[in-house]
Structure formats: structure tokens, C-alpha cells
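As C-alpha cells, one chain now follows by itself in the form predicted alone.
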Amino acid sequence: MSKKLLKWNEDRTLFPEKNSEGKIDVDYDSHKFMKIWHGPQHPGITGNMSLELTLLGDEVMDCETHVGYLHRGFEKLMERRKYIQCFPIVCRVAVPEPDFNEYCFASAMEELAGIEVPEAAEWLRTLVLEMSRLQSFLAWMGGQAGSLGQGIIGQWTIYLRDLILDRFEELTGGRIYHMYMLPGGVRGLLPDGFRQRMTENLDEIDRFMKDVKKVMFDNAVFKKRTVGMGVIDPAWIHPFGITGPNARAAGVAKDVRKDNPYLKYPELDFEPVVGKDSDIYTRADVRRRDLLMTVDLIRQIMAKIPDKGDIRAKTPNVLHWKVPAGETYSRAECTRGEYGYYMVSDGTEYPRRINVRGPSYTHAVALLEKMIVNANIADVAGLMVSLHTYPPEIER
């Protein structure tokens, strides 16, 4: 290791020199640097992955991400199972948003097999995907506030999320994993009284989100901790594959629902929520406004879902279904950006290859490692949560 550890910047602050490989020459014997491990220690974004941090005082000088502490290896597991046996697996790739995995997997199968989904099923799928976005945004909102010391927000938003999980349980029989979308359609129509109960839940969310804005977004401490912190340069969007709110907060209006319309989104009235400052505060505010837009979209969908009609196309025996040979890519817009499945079939009862494109792969590894340098150790958790990532998508 080089003994020339530090140099003076123009503003007379110390900063480590980098070697020809762009890495910091660190000599721990000098006692100027310290290495700590941030995680894994609990469930959640900041807990089931680990950051190997190199610190100079309380400032992060270098970061290396480590994943694989949660369930993993989904793609290889699916190659060894029949198509219908993959559905209990795909849900686990992104636990807070299992429905996007169901949709992308089923949609890819349908495209390869030439199956047309009934209209009622398309409306129900659109509803379920927006419900999934809503409950995920609510869970994230509490996590972002909690990472910066505001525990009350999480108590409110987890209560609101439970209301949506009640509706999931009523519609699908499950609160977290639903397996409601199957090849060819969905498992059932709306239960009696569902619309009324959902409307009441949405009204409750609208009321609480006004208080969330006052307590969280109008809070001077929250602003001081987040404004100007963790800025994503718009020039990084395409090279890093940044999507969703992380891109839209930088002024880039990327939204699969508009860019590559699917299901019934062309029949809904909405525009992607966009920000401009691209810091933690802006990303949080984009997600808050996106959450409110999702509430409005669910109201639009509820008004258009037919009460009757076919909900599933005829399919072969699922235990002996040989999907025609070919390859395809199916995508959707989850709370974190573009979610996609690349599927290859060789004409047998088993998938030849499946590749999951989750936003976390780029956001939580390459992007985080770049952004976290020069951050204060106290801001690491807040920065991680602001990117809204799910570690199982990385080690998939």
C-alpha cells in the first residue's frame, strides 16, 4: 500500500488519492481509515444486504456491496421446474411486489403460446398491479422516514398498507403472495362489496397522506437531511440503466406504462410524475405524488372493471404444457421502475432460460457504490432507502 494517503483539495480539505485503477490506496495501519460493515442485520432494504464501507472519520471513502443473505438463485430454480411450478418461486423475487413477477412471467408465456387474455382479466390484472404499487409505496414511505428518525410515519403508512393487504386477501386469499395472475388470465372476479370497501380505503389513504406531507415533507429537519443529498446526475440515467422514480426525479420521464403500454393503461388518464432536483427529497416527493396518482388510477380502474365476463382463456393442461419454442421479453412499471422477464423456450415442459430484469440490480450496486462516496455515515441508510431497492432481485 502507498504511504501517500491524503492530499489537500482546493478547499483545504483532506481527500484520499486514487491509484491508476481508480481505487483508494488505504493503509489501515496508519489509523486514518476504518472499515465497517453496514448490515446484514434485519429485514428491509438496509438490512438484508451488506455494505463494506471504508471511512475517513465519519465520511465514506469507498463502498463495496455484498448480497446473497436472503433467498436467491431463482432463475436456475425455474429452469428445473415446469412452468406452472414456477409461480410460487417468482413471487419471492421481490417480496413487497410479487404481482409484477406474476404478470411478467404469465405475459411472457402467453406471448410465446399465442394466448389472448380476456378483457375482464386484463382490467383485473391492471387493478392488482396498481394495488401492488400502492402498498409498496406505502411501505417505502415509512422506511424512508424511519431511516432519518421519523418513526411515526411508518406507523401510519403500515396501517394504510394493511388496508390494501385486506383487499388483496379478500380478492386472492393471500396478503403477501397472491398467485392471482395465471397464464391466460386471473383466478376470480371482484367479490361482492369489494368496490365499496376499496373506495373507503382509498379515502382513508387520501386523508392520511395530507398529514404525511405536513409531518414528513414540510419538516425542517427532514428537508435539511435530504435536500441536496444523494443527487443523481441526469447524465447517469442511460449509462446506469436508471428507471422509475429515480429517473423521473432527475427530469427524465421514463414510465413503461406510457413508453410501452400494456394491459389497460392506454385507457387510463395519467401522466408520469416528474421532478428536477434529483436529490433524496425530490425522489421522496416524486414517490409521494406517484402514490396519490396510483390512488386515482385505482378509482378509474374500479369504475371500468366489468362485473361479468370470461376471466381466463383456455390453456393446455398446465402440468404437461409444452410452450412453443421462442424467446420474448415482457415488462411492466413497478414502484421502482422497469421490471421485466426475458424468457426462452425450447419447446419442452421446462423453461430453457429465464432472466429477471429488476431495477435493484443497477440501483443498489453500481449506482449506490458511486453515490455513497463522500456521504456521512449517518446518511447511508437514508441514501440506500431513497433508491428503493430489493436485494433478492440482485442475487436472483
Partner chain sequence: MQTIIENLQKHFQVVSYHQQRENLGFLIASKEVAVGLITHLRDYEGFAHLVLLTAVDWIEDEHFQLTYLLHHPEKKVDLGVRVMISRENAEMYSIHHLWEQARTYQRELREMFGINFPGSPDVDKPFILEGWEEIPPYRRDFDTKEYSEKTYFPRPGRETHDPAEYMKKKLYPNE
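Worth saying up front: this structure is predicted, and the values here are computed from it rather than measured. Positions refer to the first chain, counted from 1.
One more form of this protein exists, namely the form predicted in complex with the partner chain; it is left out here, but the text below deals with it.
Peer 1: With the cut-off set at 4.5 Å between non-hydrogen atoms, does L319 touch the partner chain in the predicted complex?
Peer 2: Taking the distances in the predicted complex, the answer for L319 is yes, it comes within 4.5 Å of the partner chain.
Peer 1: Within a 4.5 Å heavy atom cut-off, is Q300 in contact with the partner chain in the predicted complex?
Peer 2: Heavy-atom contact with the partner chain at 4.5 Å: absent for Q300.
Peer 1: Is S278 a contact residue for the partner chain in the predicted complex, using a 4.5 Å heavy atom cut-off?
Peer 2: Because no heavy atom of S278 falls inside 4.5 Å of the partner chain in the predicted complex, the answer is no.
Peer 1: So, R257 and the partner chain: in the predicted complex, are they within 4.5 Å at any heavy atom pair?
Peer 2: R257: no, not in contact with the partner chain in the predicted complex.
Peer 1: Would you mind picking the one in K264, H71, R195, R289 that has a heavy atom within 4.5 Å of the partner chain in the predicted complex?
Peer 2: It is H71 that has a heavy atom within 4.5 Å of the partner.
Peer 1: Residues in which of 264-272, 289-297, 125-133, 321-329 have heavy atoms within 4.5 Å of the partner chain in the predicted complex?
Peer 2: Contact-bearing stretch, as computed: 321-329.
Peer 1: Mind listing which residues of 346-377 have a heavy atom within 4.5 Å of the partner chain in the predicted complex?
Peer 2: D346, Y350, P351, R352, R353, N355, R357, Y361, T362, V365, A366, E369, in sequence order.
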